[in-house]
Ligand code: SAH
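Next up: just one chain, as structure tokens, the form predicted alone.
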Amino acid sequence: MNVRDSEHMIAELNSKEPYELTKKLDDADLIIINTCSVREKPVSKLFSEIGVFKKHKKESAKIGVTGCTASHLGKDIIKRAPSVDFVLGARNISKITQVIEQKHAVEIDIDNDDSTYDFSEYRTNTFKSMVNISIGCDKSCTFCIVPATRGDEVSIPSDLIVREITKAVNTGAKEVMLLGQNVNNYGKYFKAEDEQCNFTELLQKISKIDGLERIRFTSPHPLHMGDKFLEEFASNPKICKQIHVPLQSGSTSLLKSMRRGYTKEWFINRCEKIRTLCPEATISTDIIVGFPGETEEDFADTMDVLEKVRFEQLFSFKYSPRPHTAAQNFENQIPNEIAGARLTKLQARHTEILDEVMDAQMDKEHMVYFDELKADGKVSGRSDDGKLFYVQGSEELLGKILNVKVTKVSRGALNGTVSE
């Protein structure tokens, strides 16, 4: 989502002035630091980054801070770092061309509605497109700052989504990534009362776009993984067989404390449904260890889910207290050394699972969509189920979906050769 927000800002700036991206700091006329605030580390890094840019930028260059940290710190950013020229919250990116003209402008209204705003077009990769289908979040997870930085959930009208994807396809994209905090909650909140379209229906609409070959989405919420949605995921040939199912914890009692709305049993049931309907699918997840009150039994439940589902990809973190969240005030905060030990154990076991998963790929064949040139004469792309591939080749492979046989495996990627 942050990458797409950055693309939107670049497009809006280009619509007003001929800005170009540069890798040379001393060439830059405008420096934008687009931020996350889901965990504490990016926030603490922000001000050191501002200091570096202030020291090395040319005198006339402007510095702007955007994104979720901008939303929750607002004017305090400029108080702490007067060298910052403007602050633009995550819900206000359509205002980028306004704030660059106003010294110390601060736009952080989380009620601002960009759901029908027609952004100018810019993509970092011409072979694929990222498209927001909703903004904001209607959940109240006790660990998460996002509702306070991105506001209430609003679904973007389906005709705008189809139009944006069609435009991308007409300029070379064969794959789309649908974005939202809870994509499968799409359709619950529309500004226009006459709009009626749920996520499954949206997927069916998008599938009809000529020239679009692959549909990905992130992130769905386990609570909204009904049978009709999972059946569409499994049966629709354009939907890539890769799905992110954020667990957060395997403990039903902790899930209740987190206000996630589902149980351990429901989560396992949904994953078993995916494996039954679509055995070739890969499942990834998010896990937080050391959430306030987590016992050894709670952590054992998380390890149990890991064993039962055997996730192909795992994003795991120690709990990080965030402002504007209920959990920061919970009792029984877990000591860092205990949380760290649990995280190490979780990641070590997942590494073993991942090695088994990837080793089993040797000599298998996948249809890979090539979209990026790499160093040393290689081209990269992803298989339908989301595995990263590298093959020897040149730009003539870009934009093609080709059969690739695996010749070398590693945890992060597969090497292969294009089959005739």
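Residue numbers here begin at 1 and follow the sequence given. Keep in mind the model is a prediction, meaning the values are calculated, not measured.
Unshown form predicted together with this ligand; subsequent notes refer to it.
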Residue within 4.5 Å of this ligand in the model of the complex by heavy atom, from Lys273, Lys318, His324, Arg123, is Lys318
Among Ser94, Asn185, Thr282, Ser219, which has at least one heavy atom within 4.5 Å of this ligand in the model of the complex?
-> Ser219
Of these, 285-293, 168-176, 298-306, 188-196, which stretch puts a heavy atom within 4.5 angstroms of this ligand in the model of the complex?
-> 285-293
Contact label in the model of the complex: Phe143 to this ligand, heavy atom within 4.5 Å = yes
Would Gly250 sit within 4.5 Å of this ligand in the model of the complex, counting heavy atoms only?
-> no
Would Ser257 sit within 4.5 Å of this ligand in the model of the complex, counting heavy atoms only?
-> no
How about Arg39: is it within 4.5 Å of this ligand in the model of the complex, going by heavy atoms?
-> yes
